[in-house]
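First, one chain by itself: the form predicted on its own, in structure tokens.
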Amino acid sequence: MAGFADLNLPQGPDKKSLQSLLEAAAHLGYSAVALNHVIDFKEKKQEIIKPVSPSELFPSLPIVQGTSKRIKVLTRLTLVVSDPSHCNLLRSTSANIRLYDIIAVFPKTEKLFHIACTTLDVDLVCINVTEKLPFYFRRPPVNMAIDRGIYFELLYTPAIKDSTMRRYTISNAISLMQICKGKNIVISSAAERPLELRGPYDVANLGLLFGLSESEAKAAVSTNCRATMLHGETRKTACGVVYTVKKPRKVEEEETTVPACKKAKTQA
């Protein structure tokens, strides 16, 4: 099974708090994390800045518990969109957008959710877990997102902080599971403090409350996270995928390649 990953650690200005988050994640057994830079166009007009390299933030990365490898740190950009015009930024070929390892979008309306699933070139679609959803999930856009290799992200930290948000988190997650059938789900933390982080197996157990099966819950913190990272790599480096298939040999070709001595034995 792929290593465990948490694809949502908020990137704040305080380097010490980020370092403590990384150390806590490595101690819990996460082999990869993503530092999340959020842009909300509703607050004020913001420009997409160039991501800060992890080597500039951290002089040395902590070693993952139980292994001899250091934790892998990725960069992530999340755009909170509340108007269709905000999506134009993702359609443009911005140089800074291409520098991020993972691109996520947080749609606020049903129309924007449909656009994110069907047309936007992103890796993650964030699901609101802090309040009641203003729309219902529909099967066509969700299925199209799954076919395009896009994953849906659920956060578990709000469910730990507040009982009301816990109710919304479970309700919204179950509504999504009824449509996607547990496919293409990623569970992240969005933890701002080390105490808010939970181990990968504890997160998998929370996934059971969200309506996932045991295997789907484990995949939500491991293989699905890896698939999201690979989707981001192909988005950055390739415009298409080439499949190579071995051509099956015909029976006549096989007979011609058989040595004469073997032919004589089989015929005798």
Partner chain sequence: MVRFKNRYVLCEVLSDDPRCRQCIEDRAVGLAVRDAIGRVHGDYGLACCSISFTVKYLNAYTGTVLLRCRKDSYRLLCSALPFVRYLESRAQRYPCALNTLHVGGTIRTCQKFLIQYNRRQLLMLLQNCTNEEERQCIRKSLLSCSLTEEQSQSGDEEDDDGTETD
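Remember, it's a predicted structure, so these values are computed and weren't measured experimentally. Numbering follows the first chain given and starts at 1.
Although not depicted, the form predicted in complex with the partner chain is the subject of the following passage.
A heavy atom within 4.5 Å of the partner chain in the predicted bound form is found for exactly one of 114, 183, 198, 72: 198. Interface residue among 161, 132, 138, 98 relative to the partner chain in the predicted bound form, by the heavy atom within 4.5 Å criterion: 161. The partner is not drawn, yet in the predicted bound form one stretch among 139 to 147, 101 to 109, 161 to 169, 174 to 182 has residues with heavy atoms inside 4.5 Å of the partner chain: 161 to 169. In the predicted bound form, residue 229 stays away from the partner chain, with no heavy atom inside 4.5 Å.
Contact annotation: residue 233 falls outside 4.5 Å of the partner chain in the predicted bound form, judged by heavy atom distances. Although the partner is absent from this view, residue 52 stays clear of the partner chain in the predicted bound form, with no non-hydrogen atom inside 4.5 angstroms. Contact check for residue 35: every heavy atom lies farther than 4.5 Å from the partner chain in the predicted bound form. Not one of 59, 155 and 191 is positioned with any heavy atom within 4.5 Å of the partner chain in the predicted bound form. Although the partner chain is not shown here, in the predicted bound form the stretch 62 to 86 places heavy atoms of 63, 65, 66 within 4.5 Å of it, in sequence order.
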